[in-house]
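Okay, so here's just one chain, in structure tokens, the form predicted alone.
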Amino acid sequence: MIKLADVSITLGDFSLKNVHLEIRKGEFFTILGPTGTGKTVILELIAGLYRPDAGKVLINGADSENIPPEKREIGFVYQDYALFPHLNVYKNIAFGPRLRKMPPSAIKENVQGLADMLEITHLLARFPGTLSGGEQQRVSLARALIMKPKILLMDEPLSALDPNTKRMLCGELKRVHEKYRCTVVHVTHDFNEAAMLADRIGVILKGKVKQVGVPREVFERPRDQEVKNFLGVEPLKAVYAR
């Protein structure tokens, strides 16, 4: 569904170099790497926030250069939640459908359905500043899903959460993916998070994709010494999702 074909881009002192990735329709694909290695830039290239200096970003086989960002049917969940502080939870979730002039009755039904699924119905009248990190992340996810995206991009969505909340939200993300079956591209530096959520993982180091595979393959059979050094010598003690 998404293909980065030998994509390169330079942003200041940072460069992505000849990135080749193929992400299948409906899969949960995790981009794993340390801070500053280009993970978020890949999401922003898919979303259309940047254009590559070389190579192509293809979406459903079409060159995305000919598809404006608002036509790509993409939802984006940011690390810092990016909620509107002056709007309550209901209005934050309903913001996109209102821009699209969806009938109020349909907006109410869709907001209520997502709020029920994500267990945030009791928060609908509250404002973002009164919510915990986990609650804000659920609202951010609902706001993205209400637009029924074909592609959901998630930029370190759990990094600011405590371990217990992170584990809980990992379970919810799996449940959401199973229900909606949209294509998810998820960025993280957390090994356990990647192992629990991903159908496949792409390891990126210093602006280059070093290895792609299912979690067990990546963690137990690193392709080279650089990947092995990043992942650690001991096998990851995690429950592999698949």
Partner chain sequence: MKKLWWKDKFNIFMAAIAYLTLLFIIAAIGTVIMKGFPHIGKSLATPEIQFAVKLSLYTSLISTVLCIVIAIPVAFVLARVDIPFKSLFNTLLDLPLALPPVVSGVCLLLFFGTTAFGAWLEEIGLPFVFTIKGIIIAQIFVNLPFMIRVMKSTILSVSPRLEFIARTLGCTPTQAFWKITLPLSRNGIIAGTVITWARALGEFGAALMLAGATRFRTETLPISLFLNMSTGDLEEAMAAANLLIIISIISLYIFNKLGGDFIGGTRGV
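Just so you know, these numbers come straight off a predicted model, no measurement behind them. Residue numbers count along the first chain shown, from 1.
Beyond the structure shown, there is the form predicted in complex with the partner chain, which is absent from this document and is the topic of what follows.
A.B. asks: Examine P68 and determine whether its closest non-hydrogen atom to the partner chain in the predicted complex is within 4.5 angstroms.
C.D. replies: Yes.
A.B. asks: Is M168 a contact residue for the partner chain in the predicted complex, using a 4.5 Å heavy atom cut-off?
C.D. replies: No - in the predicted complex, heavy atoms of M168 and the partner chain never come within 4.5 Å of each other.
A.B. asks: Can you check whether I74 is within 4.5 Å of the partner chain in the predicted complex, heavy atom basis?
C.D. replies: Looking in the predicted complex, residue contacts with the partner chain include I74, since a heavy atom lies within 4.5 Å.
A.B. asks: Do L83 and the partner chain share at least one heavy atom pair within 4.5 Å in the predicted complex?
C.D. replies: L83: contacts the partner chain in the predicted complex.
A.B. asks: Pick from L114, M147, L131, I107: which residue has any heavy atom within 4.5 angstroms of the partner chain in the predicted complex?
C.D. replies: It is M147.
A.B. asks: Just to be sure I understand the contacts: of G207, P52, G48, G33, which is the one whose heavy atoms reach within 4.5 angstroms of the partner chain in the predicted complex?
C.D. replies: If I apply the 4.5 Å criterion carefully, the residue I get is G48.
A.B. asks: Work out which of the listed stretches, 160-168, 131-139, 116-124, 91-99, brings a heavy atom within 4.5 angstroms of the partner chain in the predicted complex.
C.D. replies: Of the options, only 91-99 has residues within 4.5 Å of the partner.
A.B. asks: Counting only heavy atoms, which residues in 113-140 are within 4.5 Å of the partner chain in the predicted complex?
C.D. replies: Counting only heavy atoms within 4.5 Å of the partner chain in the predicted complex, no residue of 113-140 makes contact.
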